[in-house]
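Encoded as structure tokens, the following chain is the form predicted alone, with no partner shown.
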């Protein structure tokens, strides 16, 4: 094939429990991932030119806020494609086109999703036929959120989030996401979390999965799930972006079953009772100060999938 397109979802963290800072600079985590129906698309194509001096891997980006996405070797999709070629033990060429719909630097793992999509697309384009287990291993070396973008649905991640176990989930959950102006740096948010804990004299607890959250997922109970949502990074995100507190309060005032900062932020996630309630809530939130836009989605959905 001359081109392969892969669709890949965003994620929301239903629980993000952050443990002590490790010697390697990471934190031990319990991270309950939930894939939602906001998608990027990544197309890997054979280069049209045969210029041997051209870079073997090139990337273009289309969509909103494309100026915030690197089109250099720092792009996670390029890094993923290069890691795949290294695993195969030879040089490969590809032009990558990323069509962005997932917020950039919004705490929804958009860059990690693009990396996962590039792995799947280039694996097919280059005819490597590597099994998903190998792709998961490569993904874990690229970033903590990349393996989940391959897996999708709902899963709990441990270690730094890359060791995944699927979770039983009944039914469909409906979400509203309030997208903020500008992003938040994930390392900066983790650093602020450590600083706030040190300032308060609070030792980081050993992270553990919430049994109430697991039960809510198994039973498909949206109201119980809303009450069980938790994010240890939320105080840090609010300290760095105080306006997010007003966004969360507005969602609760308008009847959200749960309101939480997604991952490191600044996107705020609201759980709704139904698709109709999600659309009503989105309409009410769109005029809140600090919201660039509001979108609805549902979950869980599959991970990176070759488009038909």
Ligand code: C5P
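Residue numbers count along the first chain shown, from 1. Since we're looking at a predicted model, the values are computed, not measured.
A second form of this protein, the form predicted in complex with the named molecule, is not displayed here; the remarks below concern that form.
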Would all three of 144, 187 and 190 be in contact with the named molecule in the predicted bound form, where contact means some heavy atom lies within 4.5 Å? yes
Could you check which residue among 99, 197, 82, 160 gets a heavy atom within 4.5 Å of the named molecule in the predicted bound form? 160
Partner-contacting position among 45, 29, 240, 257 - heavy atom within 4.5 Å of the named molecule in the predicted bound form: 29
Which among 82-90, 179-187, 124-132, 197-205 is in contact with the named molecule in the predicted bound form, heavy atoms within 4.5 angstroms? 179-187
